[in-house]
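The data below hold one chain only, encoded as structure tokens and taken in the form predicted alone.
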Amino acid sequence: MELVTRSAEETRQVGRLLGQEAQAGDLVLLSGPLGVGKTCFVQGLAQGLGVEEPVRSPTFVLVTEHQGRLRLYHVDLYRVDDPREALDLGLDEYVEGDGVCAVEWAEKATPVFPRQHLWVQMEYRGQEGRLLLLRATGTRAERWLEDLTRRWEGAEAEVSGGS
């Protein structure tokens, strides 16, 4: 699935729609250049999960936890140089935990992630905004992405004055 978001709020909206339908064990892997909107996406995911506290990039602490209807584990691997470092953080416990896990800079530890996940590659598109390329791997992630597709198309129709 490809989406173009034209603002930080639209990027949050995509995350929010996912968060509203998230289930325990869901994993979102985010990649893209610095400042492209990965944290905005996770902020939306948190809103969809009912997290009320502010969500900031955990670059210096590497992992933050937020409680909503499900626990959100927000991981930032920016400072990780080797996938083994991610394992040393106990990343497998968060990924296989009882909540939803969102990992920024996921490309730094690709080998450690389970097969079941939603990958979000974000790219700058100049004046157009940001391109989000979403790829689901595994049955649960595929259903989650199908649901997002329906809900995003409905949200866009509302904004543009459609039915």
Ligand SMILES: Nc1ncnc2c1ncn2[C@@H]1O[C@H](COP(=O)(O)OP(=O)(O)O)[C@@H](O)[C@H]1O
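Quick note: we count residues from 1 along the sequence shown, nothing fancier. Please read these numbers as outputs of a predicted model, since none were measured by experiment.
What comes next is about the form predicted in complex with the named molecule, which does not appear here.
For the options Gly50, Gly138, Pro114, Gly35, the residue carrying a heavy atom within 4.5 angstroms of the named molecule in the predicted bound form is Gly35. In the predicted bound form, the named molecule sits within 4.5 Å of a heavy atom belonging to Arg130.
Within this chain, Leu3 is remote from the site of the named molecule in the predicted bound form, having no heavy atom within 4.5 Å. For the chain shown alone, Asp26 is not a contact residue for the named molecule in the predicted bound form, no non-hydrogen atom being within 4.5 angstroms. Proximity of Cys40 to the named molecule in the predicted bound form falls within the 4.5 Å heavy atom cutoff. Of the candidate stretches 64-72, 27-35, 93-101, 106-114, only 27-35 contains residues with a heavy atom within 4.5 Å of the named molecule in the predicted bound form.
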